[in-house]
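Next up: just one chain, as structure tokens, the form predicted alone.
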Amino acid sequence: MPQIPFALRDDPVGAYPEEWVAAFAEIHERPFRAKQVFRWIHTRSVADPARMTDAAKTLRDKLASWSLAMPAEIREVRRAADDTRKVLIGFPKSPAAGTVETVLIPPLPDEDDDEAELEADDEAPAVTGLRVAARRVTQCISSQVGCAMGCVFCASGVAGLKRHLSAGEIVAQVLLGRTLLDEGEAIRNVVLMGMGEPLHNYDNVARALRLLTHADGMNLSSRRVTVSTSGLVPEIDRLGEEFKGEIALAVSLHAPDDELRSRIMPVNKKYPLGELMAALRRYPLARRRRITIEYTLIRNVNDRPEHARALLRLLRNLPMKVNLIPMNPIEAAPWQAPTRDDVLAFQDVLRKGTDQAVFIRRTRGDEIDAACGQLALHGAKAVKRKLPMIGERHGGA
């Protein structure tokens, strides 16, 4: 049997259709056969050659001889009462292994939602396979095993960075996620807000974005894909340039000034708020789009009204929406979630100071460890780093 072509050897699920065509030319297979296999993988979540029933048996035998398979597998699924599904993903074909997690999040009927605005921009129906679905699910996916950013309140960074995921390993989370959907559900939005800093793994993430939105594959609307970052300024510029602002951008801000942000987010020492805000203001937003500001509220650290007022000044004239996220307590950090009254007071200050949207992200799936990193890092050894000491009340402007 011919050896697997070089173009497919390392990451066949992360290969573009044209790379499949070039690889098949090496083994004297016609281009339409290459696209046939690509569609099996990316539209039907099937990487087992034996299940590719409309492919010639000789081709299926070749693919089987290459050990073609999904680069990821489902290790565990936990389902919450609200139908949030937390999925532990393993990588049997990777010598570096490790596990990550992905979360399927259905909408709640009574939650604050800005879907109406998104619908005005993008009328394409949600699809899974070949059927139109009514219940639209958001999937949160990971880009790295662990994380190098060291944010002190985040479970993903507890064990530090283990490795980058390949493009195929990133895409495979969505392919596997589709197999867990209930009847009548479809993945409508994909957010790279799971384990890892997506822009730290830029090349693989960019390839995965192109595959997720490829017309011959899943064909997700680029406006329904969001990349979240802690603030890597050069990569924010690169993302804006290469994808023309069509990929939605979310920024983990979490503090309104450099002194506090550097204490809880070490990345701020390299890319302080002045540089970050300049990058956000030059990001080429698509029509009627806004940057999402993620702000995790930590009790008596960054949740005071003075922090809210300083945040308003920082974000002035930026097209944005704000998601306020009560902290999920983790064992490796001593801080606690804010009180409900403090969250509402913080939101009230912001809403009175801006005409842009300010949401409180509802906690989902606490009983299944659905906060980022909690399931994958059960039993992981924490990185030995000195956590910053933050006073009871950090002084705000």
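Fair warning: this is a prediction, and the values are worked out from it, not measured in the lab. For every residue, the number given is its place in the sequence shown, counted from 1.
A second form of this protein, the form predicted together with a small molecule, is not displayed here; the remarks below concern that form.
K.L.:
Please check if residue 201 has a heavy atom lying within 4.5 Å of any heavy atom of the small molecule in the predicted complex.
P.N.:
Output for residue 201 is no: heavy atoms all beyond 4.5 Å of the small molecule.
K.L.:
Examine residue 255 and determine whether its closest non-hydrogen atom to the small molecule in the predicted complex is within 4.5 angstroms.
P.N.:
No - in the predicted complex, heavy atoms of residue 255 and the small molecule never come within 4.5 Å of each other.
K.L.:
I'd like to check something about residue 197: if you look in the predicted complex, is any of its heavy atoms closer than or equal to 4.5 Å to a heavy atom of the small molecule?
P.N.:
Yes - in the predicted complex, heavy atoms of residue 197 and the small molecule come within 4.5 Å of each other.
K.L.:
Report yes if any heavy atom of residue 138 sits within 4.5 Å of a heavy atom of the small molecule in the predicted complex; otherwise report no.
P.N.:
No, residue 138 stays farther than 4.5 Å from the small molecule in the predicted complex.
K.L.:
Is every one of 154, 296 and 325 within 4.5 Å of the small molecule in the predicted complex, counting heavy atoms?
P.N.:
Verified in the predicted complex; spot residues all in contact, yes.
K.L.:
Taking 4.5 Å between heavy atoms as the contact cutoff, choose which of 192, 209, 301, 72 touches the small molecule in the predicted complex.
P.N.:
It is 192.
K.L.:
Please tell me which of 84, 228, 166, 221 lies within 4.5 Å of the small molecule in the predicted complex, judged by heavy atoms.
P.N.:
Going through each option in turn, the one that passes is 228.
K.L.:
Heavy atoms within 4.5 Å of the small molecule in the predicted complex: which stretch in 288 to 296, 175 to 183, 304 to 312, 91 to 99 meets that?
P.N.:
It is the stretch 288 to 296.
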